[in-house]
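Only one chain comes next, encoded as structure tokens, the form predicted on its own.
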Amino acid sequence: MKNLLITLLTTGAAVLAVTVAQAASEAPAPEWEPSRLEQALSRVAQGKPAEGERLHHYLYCSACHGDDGNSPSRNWPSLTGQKPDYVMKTLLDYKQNMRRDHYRKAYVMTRMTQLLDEKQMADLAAYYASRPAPVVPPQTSAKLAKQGARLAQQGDGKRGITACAACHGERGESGVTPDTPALAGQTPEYFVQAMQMYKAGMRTSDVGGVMRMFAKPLTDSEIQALAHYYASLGRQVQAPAK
């Protein structure tokens, strides 16, 4: 009887632990208040690119984001050319468990940011901002890019969709607030992943839910078109001289 009781208690505790873990993972992530975000970003101006470059290699950020911040993977973002405010905000999102991507990605970044203080985050942000925009990825569809350009530049007034350029710049080169990243040169695959997470409400780190509201009415084909448009706007690589 004693052994049976111990078994039941142990099993019950294990089930409870799994249930609590599942509930925690399904609970909505906290969101930024604009005033608190502004205060959190106050260190950005103190960032030192040289120190950020050292951290980029020391922490093996290059394993996913490329040796110079230009990612070799089609599933991880390039960080070069980003506004320092946006990179800083993203790192803070992860550290405070406000950014929920696909489980493995969120777990890796959440753990990594626990190693960083705000000064180091500012240094990394300064380094990536000092680098040129990402290289145009291969296999970009010109047809889809043309379709995406119309929506990015003009939006769709009938459906209440604002032009992407209003927040992300005419050529996706910058954002008007810390919550709006540069989009030029990101791979279509990564762009689609991000937009689908906003559309499904999985990513909640956008201040005021702006991206969630924007993404919700978009069709999958429109997201693909926007992805190829912004991918096509990255830095062109000069062909070697013959």
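Rigid core (definition): largest C-alpha set, two forms, superposition within 1.5 Å. Residue positions are given as counts along the sequence shown, with the first one as 1. Because the structure is a prediction, the values reported are computed rather than measured.
Another form, the form predicted in complex with a small molecule, is not on view; read the next lines as being about it.
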property: Any non-hydrogen atom of residue 41 within 4.5 angstroms of the small molecule in the model of the complex; result: no
property: Proximity of residue 122 to the small molecule in the model of the complex, heavy atoms at 4.5 Å; result: no
property: Contact of residue 231 with the small molecule in the model of the complex (heavy atom, 4.5 Å); result: no
property: Interface membership of residue 91, the small molecule in the model of the complex, 4.5 Å heavy atom rule; result: yes
property: Partner-contacting position among 141, 130, 75, 154 - heavy atom within 4.5 Å of the small molecule in the model of the complex; result: 75
property: Core-aligned CA displacement of residue 66 at least 2 Å between this form and the one not shown; result: no
property: Residue 196 C-alpha shift between this form and the one not shown of 2 Å or more, rigid core reference; result: no
property: Core superposition between this form and the one not shown, C-alpha change of residue 181 at least 2 Å; result: no
